[in-house]
Structure formats: structure tokens, C-alpha cells
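The data below hold one chain only, encoded as C-alpha cells and taken in the form predicted on its own.
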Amino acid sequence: MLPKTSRIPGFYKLKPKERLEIVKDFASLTEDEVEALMNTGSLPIELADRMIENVIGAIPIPIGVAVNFLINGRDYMIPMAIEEPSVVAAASNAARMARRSGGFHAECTSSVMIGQIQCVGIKDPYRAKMEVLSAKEEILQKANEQDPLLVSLGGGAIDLEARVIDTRSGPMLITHLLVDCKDAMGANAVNTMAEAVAPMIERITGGRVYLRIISNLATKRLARAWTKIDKEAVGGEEVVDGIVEAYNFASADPYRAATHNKGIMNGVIAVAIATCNDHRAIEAGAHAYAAISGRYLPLSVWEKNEDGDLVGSIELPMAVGTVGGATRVHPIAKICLKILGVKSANELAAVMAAVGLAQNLAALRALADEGIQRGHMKLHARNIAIQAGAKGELIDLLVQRMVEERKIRLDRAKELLKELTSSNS
């Protein structure tokens, strides 16, 4: 018997079903497993095959809707795609608490992204920096020639920055091309412009350009949200104090700050996935921004005002789009954008910042008041019960028993399922 190999010339040329037959043989998949992979639901396999390479199927992720959100005086329903239990419920609960005092206020600073052009091998980099800045108009014109449609919509390359950085291989001149991407996330437009101006940078500086690519640290495209929560809504002034102390802990300790920010991103990324935005870019930008001071810090701030109420705010880069990419291709993403009812990428970014702040509030309140597991336990137990093989009413029975015992484990779920099925037979 010949050994199995993943070296398959022309694999990308095959149709999804043909690829899946090869994978089936390689991984010894059952017919049921093959059928599950091919059951792509609302995403036709033909469309999936045009979205990414080497497609063999699709993976469904539950979409829930967070309710109660009042942002800038307007009601929103928030579609969230996520596999983790309690996140949607927590966001809805936090939004309800915020709603009592006017909900959330949110904004996005602009839709400007940064394209970086790396130039090396320059003997006098500070002279070269001045030369690049002097040629700004020429460089911007060349960049804008690459995307006349974006320019016609009021966007395009709007400014230029240059800086010299010290590296292990010597000084580098880094040119920043600032591009107003309007309602697009902008990666394709920015990368195309950066590629186009690279030869000009080389000619001006006498150096050699290597990288010319967008930066995911979108510091020109910051989303902000803030809210005031009445102390009674959150559970009293003692709970307010607990939330502020939890924030102070995160502000002083990167180990805690990482988990603090993960809670924020639970909400942000769930909306990003629902709308088919680039959640990896958003995540990278958020964590880089959290460390931009040289220390890794929380993305949100929680304070107590003079009345004893809780005041929260958040600021993070938010490179999102409502046009382009998969956002306007994936049928479910289009529906989710319709549910959100946002009119621009900046509005979407602002809404996502508010959702992140709400998610953070819910997590900190649970930690400060009752511990995170109490609210999470029942929903987690449901997943364990299903994993154990329970169906229908047996799921609820298993959940009840595991929560009562405080033993939410797969082995215990299987034991309980065996007991319940044998007693009913």
C-alpha cells in the first residue's frame, strides 16, 4: 500500500466534489462526514469556490442577535456570529443596563488607512525623507491614478508621511501613504497604490523598496464609544467599585489585560464575522494599539463619577467596510448588514466599538459581582450535553443535573445520559 501524500499537483484546478473525494481518501472520512462538508447551506458551493482556494465545503457558525442597543439615540439589532456561549446574552444584558441612562455614544474618526513603503540601502536617509516629503503631490497623483473610482467618491490618497527607523540591518525610510478608503476596508486599494508609487520612492531616494503593503495598525481610523451606567442598573455602588478595581487590575497587569481585551473582542469579532469583515486585521490592530505606549494596556477604561455611577469608554482601530471583499458577496453578510441598517463603514465601526464596550461591561460585572462561571455555566453545559449525544428533552435534563452538581464535564454528561436513557427504557 502506497503511503498517503499531500503533494497533489493540480489540486486547485479540481471541482470541490473532486477535491473532497481526494480528502475523503486521505483522511478516511465517512459518507456522513463528506455529506456534512458539502452541506454548505445558504452559501452555495460554487460561490464558496470563488471566495477562497481549494474549497471542499463550509463551516456554519451560529448567528445570534443582540438586542437592547441604543447607540447615538438610535436603536440597533446586532447580528453576532460566534460559537462561544453567553456572549450574545451578555451583550444584550449590558445594552439593557446602558439604555436606562441613554445608551452608548460612539463615533469613528475617519476612514483613512495607512500604506507602508519600506526603503533600504540609503546612505543619507534623513535627506531622502525630505526629498520624499517634497515630492508629496507627485506621489499622491501617481497613487490616485490607480483608483479613479475611489477618487470620484471623494476618497483616495490624501497625504504622505515619512519617518526613519533604526533596525538590526540599519536605518530604513518608511513612507506612509494615507488613503481615504470611504466605505471599503481598503486593503486592495491601498496595496495597489503602494505598489504603484514604489518605483518613484526608489528614484527619489536612491534606495531599494522591499515591502509596500497596508498596515493593520489603523491609527487614523479609530472607533470610540462611551457610556454612563446608573449604579442601580449595574447592581449598586459596591459592584461599581468592583468593576473599577477589575479595570485597575488590567491596567497594571498584562496577563489580566489580555483577558480583559479578549472579552472586548468577543463582541467586536462576532460582528466582524457576521458581516464578513477581516476580523484578523481588526484583532491584530486592536492588540497592537493596546501596546502602542510600550506597555500592553486595556482598550477600555472604567471609572466611577461623583454620583457613584459607572462610566466607561473605549478606543481602538477599526478597519471595516460595508462594500468590497466578501462583505457584499456572502449572502448572509449582506443580510446581517441589512439587519444592522448601517449607512457607512464609519457607522459600522462606531457600532462595533459600542458592542465591544458592552461585552466588556458584561464580563467585568459578572467577575465583580458573581463570578464569570455562574452566567456561563448553563450555556456551556448545553454544549457539553449535545457533545455527549443528548437530544431533545434529554439535553435540558442533562444541563439541569450538571449545573446542580457543578460538574460540567463530558465524562459526567455521558454517565448521566446513560443513566437517564437506561431508566427510560
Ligand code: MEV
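Quantities reported herein were computed from a predicted structural model and do not represent experimental measurements. One-based numbering along the sequence shown.
Absent from the display: the form predicted in complex with the ligand. The rest refers to it.
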Picking from 51 to 59, 30 to 38, 361 to 369, 382 to 390, which part of the chain touches the ligand in the predicted complex when contact means heavy atoms within 4.5 Å? 361 to 369
Which residue, 188, 259, 141, 305, is the contact with the ligand in the predicted complex, using a 4.5 Å heavy atom cutoff? 259
Of these, 263, 125, 285, 312, which has a heavy atom no more than 4.5 Å from the ligand in the predicted complex? 263
Using 4.5 Å between non-hydrogen atoms, is residue 84 touching the ligand in the predicted complex? yes
